[in-house]
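Okay, so we've got a single protein chain in two different forms coming up as structure tokens, structure 1 first and structure 2 after it.
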Structure 1
Amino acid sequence: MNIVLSLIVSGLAISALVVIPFAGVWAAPFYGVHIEWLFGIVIPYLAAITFFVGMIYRVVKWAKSPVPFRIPTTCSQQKSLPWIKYDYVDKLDNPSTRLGVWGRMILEVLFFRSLFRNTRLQYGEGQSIKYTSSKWLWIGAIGFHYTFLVVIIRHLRFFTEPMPFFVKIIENVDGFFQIFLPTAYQSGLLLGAAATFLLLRRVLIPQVRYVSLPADYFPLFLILTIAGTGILMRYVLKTDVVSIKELTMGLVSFSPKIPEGGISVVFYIHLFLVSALFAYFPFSKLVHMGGVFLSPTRNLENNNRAVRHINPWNPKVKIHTYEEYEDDFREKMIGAGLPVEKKVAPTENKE
């Protein structure tokens, strides 16, 4: 799909997600309609249900998928004969034991090890090609994911009472570079910067732009808009945090109610966008968060030379052994001059 069309489709979708709560919370009261409960209670609950049911469905579907072959992706020496070198690097890149798989998965999930080792093909002079490092992609990806995690953990202060100690520690570390009031959290700014980098990479690099679809741009636009409305609430419009806490605590305790003092329309836009992200998550590429643990290219040992992999989903087949075949056709085989393993016992003449 054309890059311009993809950007327009994604931008229109985000604009619609902003206009819907704006019209419902800000414009509707002018006509005597108050539906804050829809955007503050009903939609968040529906989004949470969709997220958990969708994630369970995807995980169960993946778990039930057959794995006919042992197909781990490897890039190192497989364990073989004793005199062939097989060191600690090989045990992580080409694991032959369950412990090695766990080590590989930990490095993959926490540090994006395969992406760290990723290379990029470039054309040199004439017909020559070369492979260069792609560390900027790794920096942008790991910065995006970890800042997103920090933002989510910080938001636990709205859903817990008393606030867990680790949330307070992360808040203090995240806001240590305090210049403004309220405290400027680095995670929010870095999240926006990392998402912008990933978006610009899709737009500016021709090879990546060629394979990008609206489904690749939409999540980035959505996350950038969520971060933007969050920054707007905290540093510009000064939304009532006490009222937000009252609403969120009511949601988690299943006794929701809209605060009497009301909350600004920007908060409802922010909440609606977050709800849209949660509902969209299980049906998008973002679901790789759970899929990485169920990928046979990652979670299997590469021990084909030591253990025979038998697909547990293979249907039971009634076999006909050679011994049974020979018993059925022995006389005919002997008559045709074919060799047999078991001779026919001579018959005795009885008078």
Structure 2
Amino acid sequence: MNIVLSLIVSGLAISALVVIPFAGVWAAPFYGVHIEWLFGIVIPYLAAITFFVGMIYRVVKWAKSPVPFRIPTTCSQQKSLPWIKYDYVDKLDNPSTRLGVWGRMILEVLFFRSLFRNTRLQYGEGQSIKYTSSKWLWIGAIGFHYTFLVVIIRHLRFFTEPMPFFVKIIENVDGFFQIFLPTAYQSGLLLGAAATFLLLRRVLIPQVRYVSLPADYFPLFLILTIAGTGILMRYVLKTDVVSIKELTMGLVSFSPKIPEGGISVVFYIHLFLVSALFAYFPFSKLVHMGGVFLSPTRNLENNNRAVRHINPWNPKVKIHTYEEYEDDFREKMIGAGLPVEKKVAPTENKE
């Protein structure tokens, strides 16, 4: 699909996700319809169930695919003969032990190592070409994921009472500059900036644009709109946070109730978009949150040469080894002058 169409399709989908809660919570009461419970209780629960069931389904499905062979798409020397150099770098990049695999997985999951080693082909002087390190995607991705994590951890203040100690620590670091009231959190703003950067990267770089689909734009739009409505709600439109907490605590304690007095519609829009994100999660590329742990190129030690891996879907073949063949025909072979491995005919063995 071309870029214009992709952007229009994803944009329309997001607009629908904003308009639905707006119509349901803001407009419907004018017609005497009160369906806050749908947007505040039913949809969030359904989204959470979809998320958990979907994630388990995906992980189990992955686990059912056999990985008969260690896939050595690594960037390093594999463990070989003693005189071939096998340094600590190789032990991490091309591990032959479980410990090395843990190292590689930790670097991958926490530091996005495979993005870090991204290179870019460039023309040097004259005819020569060279590969240079390219860290932009890595920086954008690290910024995006870590600010997202911080925002989610800070949101625990709506879902726990009393708040666990680490939330306050994170809030204090995040609000370090103590500017604005309510205190501006850097992470929320940086999340928006990083997601915008990742979106611009897709739109502006021709090669990346060419491989981008609505399935790439939609999640970015969705997260940008979630961050946007959150920021709008915290710093500009303002909502009754005490009532919001009453609703969220009702949700996590399974005694949900829409607080009296109501909550402004921007909160319901934020919540509906988040529900959409959670429900969409297991069926989209976002499922890489679980998938990264099940990447066969990352989570298996490269011991193809040291250990025999048997293909689990090998059909059961009835085999007849040469030794058995010779047992069957030894006398005839000796009689015909053919070479045999065991000289003496093992007649007594056979009976």
Partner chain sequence: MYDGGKIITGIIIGLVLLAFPIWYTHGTAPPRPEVKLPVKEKQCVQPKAYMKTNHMQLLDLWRDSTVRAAKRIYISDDGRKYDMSLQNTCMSADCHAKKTEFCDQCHNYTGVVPYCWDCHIEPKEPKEKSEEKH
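Numbering for residues begins at 1 and runs along the sequence of structure 1. Everything numeric in this text was worked out from a predicted model, so none of it was measured. Heads up, when I say rigid core I mean the largest set of C-alphas that superpose within 1.5 Å between the two forms.
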* Which of the two structures shown, 1 or 2, corresponds to the form predicted on its own? -> 1
* To do: Please check if I334 moves between structures 1 and 2, taking a CA shift of 2 Å or more relative to the superposed core as movement.
  => yes
* Asked: With both forms fit on the core, is the shift of the CA atom of W37 between structures 1 and 2 2 Å or larger?
  -> no
* Asked: C-alpha of Y325: shift of 2 angstroms or more between structures 1 and 2, rigid core aligned?
  -> yes
* By how many angstrom does P315 shift at its CA between structures 1 and 2 when the core is held fixed? -> 4.6
* Any chance you could measure the C-alpha shift of L121 between structures 1 and 2 with the core superposed, in Å? => 2.7
